[in-house]
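As C-alpha cells, one chain now follows by itself in the form predicted on its own.
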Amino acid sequence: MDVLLLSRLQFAATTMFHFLFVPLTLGLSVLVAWMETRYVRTGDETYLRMTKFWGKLFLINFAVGVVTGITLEFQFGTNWSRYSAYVGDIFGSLLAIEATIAFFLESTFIGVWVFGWKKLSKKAHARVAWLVALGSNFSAVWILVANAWMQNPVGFTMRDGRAELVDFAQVVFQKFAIVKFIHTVSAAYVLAAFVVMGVSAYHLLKKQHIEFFTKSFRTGLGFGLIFSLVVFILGDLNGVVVAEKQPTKLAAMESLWETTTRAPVVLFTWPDPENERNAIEIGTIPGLLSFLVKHDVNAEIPGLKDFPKEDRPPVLIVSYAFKGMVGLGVMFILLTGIGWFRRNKLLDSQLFLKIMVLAIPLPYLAIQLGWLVTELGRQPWIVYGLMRTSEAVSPIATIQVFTTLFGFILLYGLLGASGFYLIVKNAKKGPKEEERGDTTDIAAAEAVA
C-alpha cells in the first residue's frame, strides 16, 4: 500500500466513525429541546422526564463525537498538507468559523443546560436547550458548506498557484451547499427519530413506563415521518444538482455507460467496471432518470464512456451504495407511515414494535452509504475538476501513515465500544422515577465522564 491509499483509508475510517455520532447529536438536540418546551407549556412531568432521559443519551453521544471530530480535522495538516496549502484560504476559513463560533456556542450552552436546572427558570432553561440545538446545527452548516465547495468549487480565483477566496457569499449560498445541508441534516433527524422510536418500542414490548415511552415514540414518529419525506424530496433535488455539476457521479450512481436519451432508472444492476456490456439489469423504467434530473423524459444523459477512464469514479461501490441508500429511504417513509396509522394502538402492534427495534441501525447504514456516494462519486478529484486526490497527499513516509491508521482503528474501536455501551446501557435502563429536574444534571455529567 502507498501513502495515498493509506491516507485515504485513514480519512475514510475516521470520517465514517465520526459520523456515527454526529447525526444523533444533531437530531436529539432538536428533539430534547422540543420535549422541554412541551414540559414548559403543559406542565406535564412526563415531558420533563423525557427531556432528562433523552438528554442524557444526547450528552454521551456528543462527548464521543467531539473527540473523534478533533482528530479528523488534524489530518488536513498531517496527511493532506498539499491540499491545505492549495485551498487553505477557502477551506480553512470555513473550518475556523465552525470551530471558533458554532462549536463553542454549542459547548458553552450545553454546560449551561446540564448544570442550570436549579439556577434558571423553566422558560430560560428551555431557551438554552434551543440554543444547544442551534449551535449543533450551525456547526453542521460550515462543515457541509466546506464539503459542498469541494464538490463544486465557486467564489475563488487562482493566484500564485493557490485558490484564494473572492466571494464568500457565493461559497456559502450556492445551490450545492443549501441542498446538501438540508438533505444531510434531515437524514440526521430521521436517524434520531428512529433511535427514539426503537428504544421506546423496546420498552413498550416489555410493558415498561408505558406513558413515558408512548409519548416518546409519538414524538419521534412525527419527527421521523416529516423528515423522511424531506430527505426523499431533497434527494431528488440533489440529483438535479449532481446531474448539472458532476455528470460522472450521476452516471456511476446509475451505472449508465452509454449517453442515452430517455435514460432509464434500473432498480437492480450488477455492473462490470471493465466491460459495460456484461452488466445485468433488472427492473428498468425507461425515461425515469431523464425526467428526475432534467424534468424532461426525452432528455439526454451523458454516460461514463463520454469521459476519460481516469476521470471515472468506482462504479460498483457508488452504484450499490446509492441504490441501498434510496431503498432504505423508501423503507423509512413506509415504516413511519405505518406507525402514524398505528400511533394510538402501539401496545397492540407487537410485530411493528419489534420491527422498529430492529430498524435502529438502518438510518446509520443509510447515512454511511450516502457519504460513500458523495465522496467516492467525486473521485478521482479531491476538489472536483480542480485538484486530484493524488495531488493532495502529504510527502510523508508510508510507515507513518500505517502506524497512525492502525492506532486510530484501535483507539476508535475502544472509544466507539465504550460510547455505544454507555448509550445502550442507559437506553435499556429507562428513566428513573426520582429524576425530576434537580438530580439528573449530575447523573448526566457522570454518564459523560
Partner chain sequence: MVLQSIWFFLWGLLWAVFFMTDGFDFGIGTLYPILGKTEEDKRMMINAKGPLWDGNQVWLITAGGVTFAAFPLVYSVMFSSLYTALMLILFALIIRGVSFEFRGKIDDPRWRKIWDTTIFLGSFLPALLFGVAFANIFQGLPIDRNGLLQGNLLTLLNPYGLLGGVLFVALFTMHGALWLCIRTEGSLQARAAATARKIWPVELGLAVVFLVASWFATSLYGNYLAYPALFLVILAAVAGLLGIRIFLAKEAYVKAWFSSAATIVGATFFGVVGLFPNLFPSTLRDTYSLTAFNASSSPLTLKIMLIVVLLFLPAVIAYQIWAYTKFSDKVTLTDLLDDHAY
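Since this is a predicted model, take the numbers as computed values, not measurements. Positions refer to the first chain, counted from 1.
Keep in mind the form predicted in complex with the partner chain is missing from the figure; the text below concerns it.
In terms of contact with the partner chain in the predicted complex, the residue from Gly337, Gly222, Gly92, Pro361 that brings a heavy atom within 4.5 Å is Gly92. Proximity to the partner chain in the predicted complex, defined as a heavy atom within 4.5 Å, singles out one entry of Ala99, Ile333, Leu365, Ile233, which is Ala99. The stretch that touches the partner chain in the predicted complex, counting heavy atoms within 4.5 Å, is 108-116, out of 194-202, 323-331, 108-116, 368-376. Candidate site formed by Tyr189, Phe217 and Asn344: none of these residues places a non-hydrogen atom within 4.5 angstroms of the partner chain in the predicted complex. Although the partner is absent here, Ser418 sits close enough that one of its heavy atoms falls within 4.5 Å of the partner chain in the predicted complex. When contacts are judged by a 4.5 Å heavy atom cut-off, Phe168 counts as touching the partner chain in the predicted complex. By the criterion of a heavy atom within 4.5 Å, Ser394 is counted among the residues contacting the partner chain in the predicted complex.
Among residues of the shown chain, Glu258 is not one whose heavy atoms approach the partner chain to within 4.5 Å in the predicted complex. Residues Pro395, Ile396, Gln400, Val401, Thr404, Gly407, Phe408, Leu411, Tyr412, Leu415 of 395-415 are found to place at least one heavy atom within 4.5 Å of the partner chain in the predicted complex.
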